[in-house]
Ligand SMILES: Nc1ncnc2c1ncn2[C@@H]1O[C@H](COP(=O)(O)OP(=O)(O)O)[C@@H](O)[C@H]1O
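Next up: just one chain, as structure tokens, the form predicted on its own.
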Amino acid sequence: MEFTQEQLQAIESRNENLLVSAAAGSGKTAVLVERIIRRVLDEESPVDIDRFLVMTFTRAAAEQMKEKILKAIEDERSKNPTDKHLIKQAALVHNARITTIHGFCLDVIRNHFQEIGLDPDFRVADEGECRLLKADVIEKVIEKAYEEGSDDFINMVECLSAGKSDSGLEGILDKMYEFSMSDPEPEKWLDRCVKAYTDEGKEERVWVDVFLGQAGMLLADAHDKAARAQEITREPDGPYMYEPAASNDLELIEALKECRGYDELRGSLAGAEFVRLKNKPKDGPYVDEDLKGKFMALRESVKDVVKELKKDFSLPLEEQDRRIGACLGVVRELTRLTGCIINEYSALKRDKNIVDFADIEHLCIRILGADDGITAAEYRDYFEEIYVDEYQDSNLVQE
């Protein structure tokens, strides 16, 4: 495989942290494999394959990576069959730490379970079992809250439950649990949720950062689609008559992306209008209907983003502040119930001596984050380099 200059930089760079960012299908994983192979086969300072920690997102990807590395080693061995380093690497590759993030975390836990007081006979529950156990816990927590009948709970139910069913509330609590467990410190995440709705949070206007961050992601996606739509108008047999509108769309999105602050973006959205498309002249050049359809789909998607953002930013800052503050009681009760679910579900899993995938990550953090730092130092000193494939899909816990 021929590598570009940028890919070679990622392959050959040494003694520094690297972040390789590129489009899907551009060869990031191939670059990673090539880098490992070259480090292992380096004539001046070779590294044993088991001194790398390589984390992927699927076991299949990990096995494929091992196979590619083994093939490269075997190819070199065929040229020099008595080379001791190559013989050693061929033996080590089968036990190399090329695994999923959960696989690595589970290995840490099984080797250091005593440091966190975990029964060594624990088992990893399957997703179906965990789903049923968690659903049962959520139902019981809600039933207990009904028995207590606090004003905050009744108000929350009225706000979030549709009709006589609690299924909507159960779904929200399930999502709250999942979100909290994707943070290294779930309880502190719940506290931060409440803080955003308190006077302190309103003063800092935490919600504004959330609004602007979400708007930024939506506008970035809309910009890509608007740019692609413009390209289509310039392609052979493309809908050329739409090019002025496509250019206007792109300029509009770029202007929105440049906005800084809630008020500025709100004002720009209020005045954001899409120009009408021109009709194709009867005697004009041929236009491919498929390209025309692709353009229309992209443009509608861009317009939907702006339409949605206009709703999100329709109210003045002060009115949004007032409404955010009015939600404090609901949010406080939601986070309280989520905390109950965390505790009850954890106790149930302990009784059954099982762990789920979220536990695997959190227990690993407890071991590697221990105050004495001994276990973390052992891993840090052992591994020469750590690689994470598909890093953009990592959550805060995994990071």
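Worth saying up front: this structure is predicted, and the values here are computed from it rather than measured. Quick note: we count residues from 1 along the sequence shown, nothing fancier.
Another form, the form predicted in complex with the named molecule, is not on view; read the next lines as being about it.
Between the options 30, 354, 47, 330, which residue brings a heavy atom to within 4.5 Å of the named molecule in the model of the complex? Only one listed residue qualifies here, and that residue is 30.
With the partner left out of view, is residue 346 within 4.5 angstroms of the named molecule in the model of the complex by any non-hydrogen atom? No - in the model of the complex, heavy atoms of residue 346 and the named molecule never come within 4.5 Å of each other.
Name the stretch, out of 354 to 362, 22 to 30, 49 to 57, 369 to 377, where some heavy atom lies within 4.5 Å of the named molecule in the model of the complex. This holds for exactly one stretch, 22 to 30.
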